[in-house]
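Before any questions on how it binds or moves, here is one chain, the form predicted alone, in structure tokens.
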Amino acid sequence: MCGIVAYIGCEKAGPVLFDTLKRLEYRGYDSAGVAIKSNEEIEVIKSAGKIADLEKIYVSLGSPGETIGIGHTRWATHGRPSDSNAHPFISGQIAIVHNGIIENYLDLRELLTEMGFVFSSETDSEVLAHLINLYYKEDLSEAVARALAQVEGSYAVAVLAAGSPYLVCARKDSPLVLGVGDGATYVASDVPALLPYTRNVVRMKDGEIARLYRDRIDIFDLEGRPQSHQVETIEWDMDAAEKGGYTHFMLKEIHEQPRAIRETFSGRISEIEGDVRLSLGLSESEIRSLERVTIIACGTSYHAGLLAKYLFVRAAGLPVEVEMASEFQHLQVRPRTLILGITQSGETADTLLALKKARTCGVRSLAITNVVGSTVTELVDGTIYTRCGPEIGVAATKTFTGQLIALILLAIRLGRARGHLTPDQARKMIVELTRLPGLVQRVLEKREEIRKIAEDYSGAECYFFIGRDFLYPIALEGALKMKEIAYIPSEGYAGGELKHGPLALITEETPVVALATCGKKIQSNIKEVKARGADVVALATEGDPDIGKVANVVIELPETRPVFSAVLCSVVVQLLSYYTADKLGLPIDKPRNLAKCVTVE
């Protein structure tokens, strides 16, 4: 969602702010702006549109400003995209940028209007600027704390005052990272923005306020009590967040999947013991006493959870419920349930809210995430990190397959602890898992074959993806990818459900991607759509003697266990969607209306 940056140091703030804002473009935005201290006043430049256009305005004005400033990319929630609704907002000597939603902004706006404050926008964020201005005397951090005490909702905020020698930041339910540099301090909503300047970061926690100087960071709670903080060194470098010669980040990240898969299981498996080493925060007796697993997630992570629904009951004898996090507030949590939250960023607002509710029910919880130190890790008993490195493209690719690997590892761990898997059964799964990076690489080598198919069907007005068993969630994921980046209406279905309504949509103009590596039953569904005139692109196991008789086009994939075949099919549907969008000339890394990290409900 919206991106926040800030800088205080020895260099001119403008170029640093624009550079860091550009590195947050993948989060999605429709307007941008900066506020820079200049001769004891605040210079604000903001507009709807692209950061590059805003930077041209800054240069045309003579690159004003000194060595302290804040910046923002806005993704509209309250108020349409416009110059007036763009951040930063000014009130007196105060400038603020804000990410999140202020739920009681209407009440606050009415109160502030009665006190004589004039609003220039339709946004909820502007009330923060006026509230802080109301309380600001000499201590900026105190004014911010008093203002935030009146706010209901979520926020990550950076505040600049014309007369203050320091910046102030605060967060609640929205991410904010502080960068510790040499004679400079940086702020960003996400780590990649900071990597050209420092790899030493402090991840702010909920309810904290930070006072930022060039040479130090002071952190307090909302009552003003000092808080300790830990400086984390980011192990991956800027090269990991650059395109590395690929046309788009998405293509680069698709090709990084063999490494991401290997990193996610590396050091966690033992072929000798036939077991998986994961620190879950649960005792062996607690694992054995579990009666069910409830998975909460959104979007692509939800599809990963659906695969676990098929896997956990077989590998660990545990029934699984998979719930959309946005709907979880309406459900009841039963005893002896393990709650598992899946979130690539660790900051997904709906998932965090659901986990907070789960924590009040007295059940144990885990998270699968790609971001060390993200908010989700504070809400659960244990965390399984995927080790995918930064993912910049909005459409999840390597983080999705990383989640699948983490779920497979968890299934083996639970199955062994519960006596549902023998060491030999687990060992066979582990051996096959170690083959998976090489199998994915073989799929990637088919990229030109997949490109040709994608281009042949790029004019389709609708797509269908069908699968059974482990491949049904992948059919859903394939449809989502085609919608996300190619803007083609697409449907994902369990093969057996076609005759219950969806067949009405099948025509000669509807290509159907059939995920056919998990048994022969899908072939009857292929015949159903072929009888309606549809072309079928089948993903099948190498050497399948029958699939070519019923499908128009066959993409052969290496033979492996069904659950691992789901990973291979995932790579194919990612490439199919990518090359379709590329043929159509679409903005693949930054699809319209979408953001990488959804940090508001």
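Keep in mind it's a predicted model, so treat the numbers as computed, not measured. We number the residues from 1 along the sequence you see.
The following text describes the form predicted in complex with fructose -6-phosphate, which does not appear among the structures shown.
The candidate spot formed by Gly69, Ala170 and Thr185 is out of contact with fructose -6-phosphate in the model of the complex: none of the three has a heavy atom within 4.5 Å. Contact with fructose -6-phosphate in the model of the complex, defined as a heavy atom within 4.5 Å, holds for exactly one of Thr510, Thr294, Ser345, Ser164, namely Ser345. The contact with fructose -6-phosphate in the model of the complex, taken as any heavy atom within 4.5 Å, belongs to Ala395 out of Ile466, Leu436, Ala367, Ala395. When contacts are judged by a 4.5 Å heavy atom cut-off, Gly389 does not count as touching fructose -6-phosphate in the model of the complex. When fructose -6-phosphate is considered in the model of the complex, Gly181 lies well away from it, no heavy atom lying within 4.5 Å. Interface membership of Gly299, defined by any non-hydrogen atom within 4.5 Å of fructose -6-phosphate in the model of the complex, is confirmed. Contact check for Lys481: a non-hydrogen atom falls within 4.5 Å of fructose -6-phosphate in the model of the complex. Heavy atoms within 4.5 Å of fructose -6-phosphate in the model of the complex map, among the stretches 314-322, 90-98, 122-130, 473-481, onto 473-481 alone.
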